[in-house]
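There is one chain below, alone, in structure tokens, taken in the form predicted on its own.
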């Protein structure tokens, strides 16, 4: 974990935890399970509660404009709540059974609680952000609302693409920009706004976050096919099991190679099978599909996107007047994004 992440967790997590534990029962305990603070039986747990990327970036953006990091805490907590609202709903919609090495909320507490607690976290995010009642909070809330709408648009696109035989690379990148890039863009501007930044500065930091989000998602897509389950906390070949049109798959299908043709035939056959039949594939079948994606260039192209978006993220910081220590942290975090294993 980078120093930026460690510091973000130290400052924002106590406030986040106090807010979540103030929810009405049983939503408080269900949410606490999701965050890894308790186990399925309500006992204290030291489970991995996530990297807390968004709070760390929000606080760094506050310092980037010369404000104290405490000024950005409402934004840091709000974006983390929105992120986890989306995870609770996405896990249910995608049928994901594991997150952070544990059963997902809908598996433990049922689909209704997953939906309800997700809604509660989203509402709580808005309450926390607006509570100070300053002009800056209004500006910050508008950015978070716009980002949340794009996040939902991205999830809708992701689900729609699962039922299409072909998706273009441009469509896939647009979806990932909405689903991942928008909230990271919000995180890296919301703290600056709360710290009194002008729109030009906030927009530049937002651009850094958007491109960082695309790099982050590209790496996530690689881990979703080739990631180590011990590191990712998900099943082997997790995205292939869900038939996701992630970037490596889309890039492979667009390559025009023989491997792409074979992959397309297999995926077309999938769409004609029942859910039960398509769920019976063994590990060798998924390994074969991963090999076809790699042979068709899907892995290399996705890695290329990750590095290109990393470069654009760092370039967005050029010309911004900020403390050198903060600039170094943001650049180091962008570097971390493209080499991470989880």
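Numbering follows the first chain given and starts at 1. Everything quoted here is computed from the prediction, not taken from an experiment.
Note that the form predicted in complex with a further copy of the same chain isn't included here; everything after this is about it.
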- Note on the structure: a further copy of the same chain in the predicted bound form has a heavy atom of only one listed residue within 4.5 Å, and of 152, 169, 108, 267 that residue is 152
- One residue of 16, 23, 11, 320 in contact with a further copy of the same chain, assessed in the predicted bound form (non-hydrogen atom, 4.5 angstroms): 23
- Candidate stretches 140-148, 211-219, 70-78, 238-246, one within 4.5 Å of a further copy of the same chain in the predicted bound form by heavy atom: 140-148
- Is residue 85 one of the residues lying within 4.5 Å of a further copy of the same chain in the predicted bound form, judged by heavy atom distances? yes
- With the partner left out of view, is residue 126 within 4.5 angstroms of a further copy of the same chain in the predicted bound form by any non-hydrogen atom? yes
- Contact test in the predicted bound form: residue 27 vs a further copy of the same chain, heavy atoms, 4.5 Å: yes
- Message: I'd like to check something about residue 259: if you look in the predicted bound form, is any of its heavy atoms closer than or equal to 4.5 Å to a heavy atom of a further copy of the same chain?
- Response: no
- Query: Thinking of 119, 130 and 133 as one candidate spot, does a further copy of the same chain come within 4.5 Å of a heavy atom in every one of them in the predicted bound form?
  - Reply: yes
- Item | Contacts with a further copy of the same chain in the predicted bound form, stretch 102-118 (heavy atom within 4.5 Å) | 112, 113, 115, 116
